[in-house]
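First, one chain by itself: the form predicted alone, in structure tokens.
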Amino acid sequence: MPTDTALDTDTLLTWFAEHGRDLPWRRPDCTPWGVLVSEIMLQQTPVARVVPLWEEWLDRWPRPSALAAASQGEVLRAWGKLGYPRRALRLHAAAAAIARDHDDVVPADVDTLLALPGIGAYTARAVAAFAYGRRAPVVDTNVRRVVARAVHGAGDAGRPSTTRDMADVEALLPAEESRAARLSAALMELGALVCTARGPRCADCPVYDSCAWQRAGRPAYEGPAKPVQRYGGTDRHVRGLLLDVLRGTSDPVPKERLDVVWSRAGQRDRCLDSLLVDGLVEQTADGRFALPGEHR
């Protein structure tokens, strides 16, 4: 898909070199495994919450085989309150496959990464770009917003379209692989720090002069309203409360211990059943409940 205006790649890369955050998974000594762990943890989770847990995980499980040797229960307990705990089980499964099929080394090829359990299109391309310096379009919410504004002159990116979004970013990437990988990171950083959804800091933007949104007079977004996400009282909230009980003990617990965390019995039982279906909780032979892999 052709772009509406050119993006000043050199200026953006210079800005990123000067202003990009010093995150541990961006440092030269970070392994591809560290990058993969960071990408899974960062999905729908702020950087500030991820950094300390990422450091704990890499100290405890510095290689895929180390994580694969842990039980699912250990992994879920270590995941703590990071949220969306199915990510922990997907990472555990990917670690087992990497240890078994790839000599304990995270693959560099996008297609090989996609063949790992629980690794989707975004994560595969992010690992290829950020761990191995490959030319692979990496598209998240921040990148979509930057491209929508700076390239297309729209206030927001609207509904995601994998084909369109990937083509947009692909068209911006330099031919040289290492520069393309750095640009992917720079686009993401610009959206996270400057070209934010609310209150963009346009005066600090390195591509202000060429930004199509600025040239168009910063038109407001007129697409469909985005749903407002809430947490309190949702099934996700209740599932978290149930898991908190199990993470806090090494022994299986009777259902009565779980019943006290939420007063609405129908919702509570539905959430407990969904945790069982997702493999995040197991029921013992005597009817109690525990994290998976710890009690049979």
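Bear in mind the structure is a predicted one, so any value in this text is a computation, not a measurement. In case it trips you up, residue 1 is the first one in the sequence shown, and so on.
What follows is about the form predicted together with the DNA, which we do not show.
*Asks:* Heavy atoms within 4.5 Å of the DNA in the predicted bound form: which stretch among 255 to 263, 241 to 249, 52 to 60, 66 to 74?
*Replies:* Selected range: 241 to 249.
*Asks:* Just to be sure I understand the contacts: of 152, 182, 87, 135, which is the one whose heavy atoms reach within 4.5 angstroms of the DNA in the predicted bound form?
*Replies:* Going through each option in turn, the one that passes is 87.
*Asks:* Decide whether residue 27 counts as a contact residue for the DNA in the predicted bound form under a heavy atom distance cut-off of 4.5 Å.
*Replies:* Answer no; every heavy atom of residue 27 is more than 4.5 Å from the DNA in the predicted bound form.
*Asks:* Would residue 165 sit within 4.5 Å of the DNA in the predicted bound form, counting heavy atoms only?
*Replies:* Judged by the heavy-atom cut-off of 4.5 Å, residue 165 is well away from the DNA in the predicted bound form.
*Asks:* Is residue 269 one of the residues lying within 4.5 Å of the DNA in the predicted bound form, judged by heavy atom distances?
*Replies:* No - in the predicted bound form, heavy atoms of residue 269 and the DNA never come within 4.5 Å of each other.
*Asks:* Test of understanding: in the predicted bound form, would residue 201 fall inside 4.5 Å of the DNA by heavy atoms?
*Replies:* Residue 201: no, not in contact with the DNA in the predicted bound form.
*Asks:* So which residues in 106 to 120, when you check the DNA in the predicted bound form, have a heavy atom no farther than 4.5 Å from it?
*Replies:* If the 4.5 Å heavy-atom criterion is applied to the DNA in the predicted bound form, 106 to 120 yields 116, 117, 118, 119, 120.
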